[in-house]
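Just the one chain here, laid out as structure tokens, in the form predicted alone.
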Amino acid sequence: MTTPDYNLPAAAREIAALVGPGRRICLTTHVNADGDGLGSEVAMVHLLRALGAAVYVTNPTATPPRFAFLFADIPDADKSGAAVKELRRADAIIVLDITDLPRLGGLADTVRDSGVPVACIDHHVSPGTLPDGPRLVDASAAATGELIYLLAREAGWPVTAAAARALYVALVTDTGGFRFSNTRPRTLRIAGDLLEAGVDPEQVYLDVYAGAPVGRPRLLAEVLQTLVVEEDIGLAWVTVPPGALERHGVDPDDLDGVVEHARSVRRVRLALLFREMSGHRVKTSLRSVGNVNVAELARQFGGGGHAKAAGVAMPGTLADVQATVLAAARAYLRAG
């Protein structure tokens, strides 16, 4: 296993010093939060409230509907609708699942200027641009939720069934149901511990994957019609047609996993998904097979992520961004 980029006991002491009784803690993660970001946040709410801290989730974008179940027993915890106000009242901020300030979107300036310690727990490959504070960063971890479990164990924080469920959601979503190459022996051992803490894996599956609106499979069908494969170099990509999300009554979170269909094509080593965003920007999701490092490719355009899964958002038209990224992807694959 890769040597971690942190000293766990030291990181646990530093983070624990920020979150004692009576402290007001704000948790935040990247725009369009995913299962790892949200699961990690909800787990931290349960863990830190048990210590007597006042803890709130303050994200730059609203919680996707399919992850709303995580907040069912803590309905007061999600303050994303008043994130700026809450962040300005915080005694400390904990940023989860990212180390780069711009990925906080409209909250970046508020966090940068907060004047309070900004801790970070993350598993991505990035130099980091957050304000100073404790760091628990390990690119060998399958998910941020994995690191939070290790933090809780080191700090002696009891992992309740509710916290375990949230951490299990973090693991299962960021490993593709324990199918992706980031699934390590430690990941499965932690998953086993979470099951012993009371997680019902079938219910998590139903909550996360079996509650899709009817528009989601229809969106998938439309997007897959755009599939292009360049078999000679192992490149495939799909495109979300303009207006498709609105036409099918779904949101960007319903695109989760679509790019995996392009990656599943025989001989494909690099798969891409392109979609238009607001503000004349285009999001590209990158997935790879084998030794292709998509994080390295994404960094050419200011993006980042993992070796097998990365993303980048670029200004420009859909056609222009596709041409730029596809040219770079072809050159990258041909260079071996």
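Please read these numbers as outputs of a predicted model, since none were measured by experiment. Residue positions are given as counts along the sequence shown, with the first one as 1.
Beyond what is shown, the protein has a form predicted in complex with a small molecule; the following relates to that form.
- Note that among 66-74, 281-289, 53-61, 39-47, the stretch whose heavy atoms approach the small molecule to within 4.5 Å in the model of the complex is 281-289.
- Under a 4.5 angstroms non-hydrogen atom cutoff, the small molecule in the model of the complex lacks Ala11 among its neighbouring residues.
- When the small molecule is considered in the model of the complex, Ala313 lines it closely, a heavy atom lying within 4.5 Å.
- Shown alone here, Arg103 lies within 4.5 Å of the small molecule in the model of the complex, counting heavy atoms only.
- Arg135 falls outside the set of residues with a heavy atom inside 4.5 Å of the small molecule in the model of the complex.
- Note on contacts: among Leu272, Val268, Ala309, Ala33, the single residue with a heavy atom within 4.5 Å of the small molecule in the model of the complex is Ala309.
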